[in-house]
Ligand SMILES: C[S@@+](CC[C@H](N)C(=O)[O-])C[C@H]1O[C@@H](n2cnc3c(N)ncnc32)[C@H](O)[C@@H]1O
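Next up is one chain by itself, shown in structure tokens, the form predicted on its own.
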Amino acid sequence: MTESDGPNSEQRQYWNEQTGPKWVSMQSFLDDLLDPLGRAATDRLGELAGKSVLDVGCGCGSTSIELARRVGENGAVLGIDLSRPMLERARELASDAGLDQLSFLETDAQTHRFETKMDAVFSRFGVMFFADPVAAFTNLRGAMRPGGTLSFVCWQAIQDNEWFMAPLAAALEHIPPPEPPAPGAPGPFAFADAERVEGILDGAGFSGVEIADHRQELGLGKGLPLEEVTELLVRLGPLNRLLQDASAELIETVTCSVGEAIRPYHVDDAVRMSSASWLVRAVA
């Protein structure tokens, strides 16, 4: 069985054919939005100079570049992802940054057999999509040196994330709500239950699991006009899926509604909304 036929084949197809190209086109917007949360999780790895780090679900490479700068010339960072379009962008950005200690690999973190043992494993919103999270984290633990540190950030419940909920609530005035996902189904909010996350890591053999409640205001679309931020939000996440087969007229109606909903949050140079995530740390 090849990786393309593996347990996360649906995610591979989704991130290559649908979401990956959109994320590449929105890369600057998304990195500005998510980098503060990624840095909060990176800080929990401690001193990284000279160490080796695996970046799981590295996407367009912003987090891998930050990690590479922290490990320095004597360290090494490997960024892995399922999405070829996003990895192509990551390689472009890494080349521009001149970081020889950084490399990328298109592979599935759940099934890939890592030959090198890492000092640390990191992820910024890249670990909630596994078909079998216990198997995936067991595999990642096997890629780590004993005593190595795992640190990642994942979303809490969608209801606790204003920047998701405000646009979605405005859209649902015009379209039917989506079917609720099955409990534990892969997706951005699959790790919303902290007890479930702790159980997954315990089941994968990690110890010393620490899960911190992290609340932070996010600045969406810094320096962009409100209309452009609105269009980006409509193309992102749950709204993107709900409007996938919608008419141009309906999309325009929803976009106008979302714009009005986020207008009160447009302060200074950005749309400022609250977020809720978990900062998760564990030891191999």
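Here the structure is a predicted model, which is why all the values come from computation and not from measurement. Numbering starts at 1 and follows the sequence shown.
Missing here is the form predicted together with the ligand; even so, the following discussion is about that form.
Novice: Have a look at Q101, T107, T138, N161 for me and say which one sits with a heavy atom within 4.5 Å of the ligand in the predicted bound form.
Specialist: Comparing distances to the ligand in the predicted bound form, the residue within 4.5 Å is T107.
Novice: Taking the ligand in the predicted bound form as the reference, which of V121, V71, A90, L82 has a non-hydrogen atom within 4.5 Å?
Specialist: Residue within 4.5 Å of the partner: L82.
Novice: Although the ligand is absent from this view, report whether F152 comes within 4.5 Å of it in the predicted bound form, heavy atoms only.
Specialist: Looking in the predicted bound form, residue contacts with the ligand do not include F152, since no heavy atom lies within 4.5 Å.
Novice: Using heavy atoms and a 4.5 Å limit, would one call M86 a contact residue for the ligand in the predicted bound form?
Specialist: Answer yes; at least one heavy atom of M86 falls within 4.5 Å of the ligand in the predicted bound form.
Novice: Is the gap between C58 and the ligand in the predicted bound form 4.5 Å or less for some heavy atom pair?
Specialist: Flag for C58 set to yes.
Novice: Is the gap between F189 and the ligand in the predicted bound form 4.5 Å or less for some heavy atom pair?
Specialist: Outside the cut-off, so no.
Novice: If contact means a heavy atom within 4.5 Å, which one of 196 to 204, 163 to 171, 126 to 134, 91 to 99 is the stretch that engages the ligand in the predicted bound form?
Specialist: Answer to the contact question: 126 to 134.
Novice: Scan 19 to 38 and write down, in order along the chain, each residue with a heavy atom lying within 4.5 Å of the ligand in the predicted bound form.
Specialist: Counting only heavy atoms within 4.5 Å of the ligand in the predicted bound form, the contacting residues of 19 to 38 are W23, D31, L34.
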